[in-house]
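The form predicted on its own is given below as one chain in structure tokens.
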């Protein structure tokens, strides 16, 4: 269960809540331009756009959860359990596994439009990384400062949807989630007027009553509605500090709190980490469930011509 978000201020920002019941040992990882991205079927990518994001590194390969490249293109993978469908390898297609999809797109593409064209020829295969890392059922949000798309690999094939709100959660499919916003068109960030009846005098007795009916539960559909409402009603922020803070506050509107989402066997889903990347400047910010301190890693302060990963352990403990 996760929530991803885009945010347009003086710079373009992208990030997510990663909601799960444990940590794999995530790290902030920079893959410089000459680090070899090893692919299962296609030729390895030896030279590519530099990438920064949160990843689990296995066999010296970064398995990115969310990331941005040096051109300002961003991407995140979110759980899509029960709906995601991958295929066997298909001849005459670019066969990419689900765990290769983020570095493959960010390594080769500079914009959402380039990603769209490349995805037309891609087949996402059903291969696991190894015996300890089984296949994950995912869908993806891809974004730049010009717009965003949602990519879903389902039984009917790979579907690419324009995402006009720049928000993604989990199930159901994206068209159903965006349709749900119709149920909340009367919500407002302003104090409501009485449209119930002119035969009874009604008063707004509290601030914030324009948002009555905004769903407050932790389901993916409710988080989608709530995050979209917060994002679309956010004023344009100024300056890096205000923009980053506002981004994390919007993500906080969909945060998973220990004890509220019992998944059984005394385990609870929480927001393991939250991230925010200034995609224009290559600055990756993050905070964790146990440490609200916002930390940052700057991609452009590193040697991006290197052939070695730059890795920063997050030390997630809870």
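Positions refer to the first chain, counted from 1. As the structure is a prediction and not an experimental result, all values here were calculated from the model.
Same protein, other form: the form predicted together with another copy of the chain, not shown, and the subject of what follows.
Contact annotation: of the candidates 104, 248, 174, 99, the single residue with a non-hydrogen atom within 4.5 angstroms of another copy of the chain in the predicted bound form is 248. 191 is the sole member of 191, 113, 130, 121 with a non-hydrogen atom within 4.5 Å of another copy of the chain in the predicted bound form.
Within this chain, residue 229 lines the site of another copy of the chain in the predicted bound form, having a heavy atom no more than 4.5 Å away. Interface residue remark: residue 136 is not counted as part of the site for another copy of the chain in the predicted bound form, having no heavy atom within 4.5 Å. Heavy atoms of residue 157 never reach within 4.5 Å of another copy of the chain in the predicted bound form, leaving it off the interface. In the predicted bound form, residue 91 stays away from another copy of the chain, with no heavy atom inside 4.5 Å. Annotated contact segment (heavy atom within 4.5 Å of another copy of the chain in the predicted bound form): 208-216, selected among 208-216, 67-75, 146-154, 91-99. By the 4.5 Å heavy atom rule, the three marked residues 35, 57 and 125 all fail to count as contacting another copy of the chain in the predicted bound form. For the stretch 177-199, the set of residues having any non-hydrogen atom within 4.5 angstroms of another copy of the chain in the predicted bound form comprises 179, 181, 182, 183, 184, 185, 186, 187, 188, 189, 190, 191, 192, 193, 194, 195, 196, 197, 199, in sequence order.
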